[in-house]
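Just the one chain here, the form predicted on its own, laid out as structure tokens.
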Amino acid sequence: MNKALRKPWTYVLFLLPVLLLYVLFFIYPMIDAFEKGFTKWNGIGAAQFNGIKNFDRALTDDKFWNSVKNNGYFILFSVFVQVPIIIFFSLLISNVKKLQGLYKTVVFIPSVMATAVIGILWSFIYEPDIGLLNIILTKLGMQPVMWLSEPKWAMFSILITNAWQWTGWYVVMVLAAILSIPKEIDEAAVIDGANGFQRATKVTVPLIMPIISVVIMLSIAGAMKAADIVIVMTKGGPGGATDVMATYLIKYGITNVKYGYGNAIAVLIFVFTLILTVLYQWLIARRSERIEYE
């Protein structure tokens, strides 16, 4: 066995099935989508080359840029609202001495539930007449809010729902990083007279920056491909106010049987996501890739 592992071809044989699957299900579809993005195609007949018309149509469509803006809202909410909440709950649970496993399970449950279930559950919470939120507002003497029917509230409502679903997933990741920090470091901070807040902000958070960086990058990537929660809750309405790029693709590409245009939108989503993740990795993430305990 050891002699076999010393031969380069052994590693090639192990890697070949994975590489084949990667090419088959990622590289080839990506190249095919890029190629079809320059065509007029209904998905059945022969594709007709039409140059950059699909891309020009998308980049000059106000509805497309509105969907890009909504993806931006997802990113901003994830990075500046959801991530701080994730860090806060992770620090809170890490300091719990009893029933820590129970708390981890409770916050993780929404992440394993189907998006359709999450969307329907929160649609009932946002329901104008019998929804929990409006019942509370009415009890407080305030007017009910049309959470999913008014453009100024619909996107915010979806962002809250999406954050509620995925916060627990990232909490478990960050919590694992916190619990892996040697106890001696925290004990040394206590001896030096640091209180709980100082230990959290000056010791724990800096040491878990690599995993926080990963969480932010995953949040950005997830925000760029958000679609299912929007489809379940609003279908992009009211009046396209909650459309994101993926729902725009479905609405104006797949549903209208304009697969050439749909592929062009898919390519744009890929390019935008690639640019954002590369910029984040280059400007921010690489500065916190490695932390050494001393």
Partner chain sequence: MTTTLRAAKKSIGHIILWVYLIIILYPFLFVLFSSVKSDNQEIASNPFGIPSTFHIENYYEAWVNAKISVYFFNSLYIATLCSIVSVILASMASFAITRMRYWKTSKGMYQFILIGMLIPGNALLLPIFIMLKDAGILGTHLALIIPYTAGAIPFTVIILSAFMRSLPGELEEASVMDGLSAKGIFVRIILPITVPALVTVFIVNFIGNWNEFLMANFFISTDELRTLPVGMVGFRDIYNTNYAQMSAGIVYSVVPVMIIYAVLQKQIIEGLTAGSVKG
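Numbering follows the first chain given and starts at 1. What we label the rigid core is the largest C-alpha set whose atoms superpose within 1.5 Å from one form to the other. It should be emphasised that the depicted structure is a prediction, and the values quoted were computed from it without experimental measurement.
Below, we turn to the form predicted together with the partner chain, even though it does not appear here.
Using a 4.5 Å heavy atom cutoff, 22, 139 and 164 all lie near the partner chain in the predicted bound form. In the predicted bound form, residue 153 stays away from the partner chain, with no heavy atom inside 4.5 Å.
Among residues of the shown chain, residue 253 is one whose heavy atoms approach the partner chain to within 4.5 Å in the predicted bound form. For the chain shown alone, residue 28 is a contact residue for the partner chain in the predicted bound form, at least one non-hydrogen atom being within 4.5 angstroms.
The closest heavy atom approach of residue 282 to the partner chain in the predicted bound form falls outside 4.5 Å.
The stretch that touches the partner chain in the predicted bound form, counting heavy atoms within 4.5 Å, is 88-96, out of 181-189, 88-96, 200-208, 72-80.
For the residues 216, 125, 177, 159, the 4.5 Å heavy atom test against the partner chain in the predicted bound form is passed only by 125.
Although the partner chain is not shown here, in the predicted bound form the stretch 157-183 places heavy atoms of 164, 167, 168, 169, 171, 172, 173 within 4.5 Å of it, in sequence order. A displacement of 2 angstroms or greater separates the C-alpha positions of residue 20 between the shown form and the other one, with the rigid core held in common.
Core-aligned CA deviation for residue 238 between the shown form and the other one: less than 2 Å. Comparing the forms between the shown form and the other one, the C-alpha position of residue 51 differs by less than 2 angstroms, with the core used for superposition.
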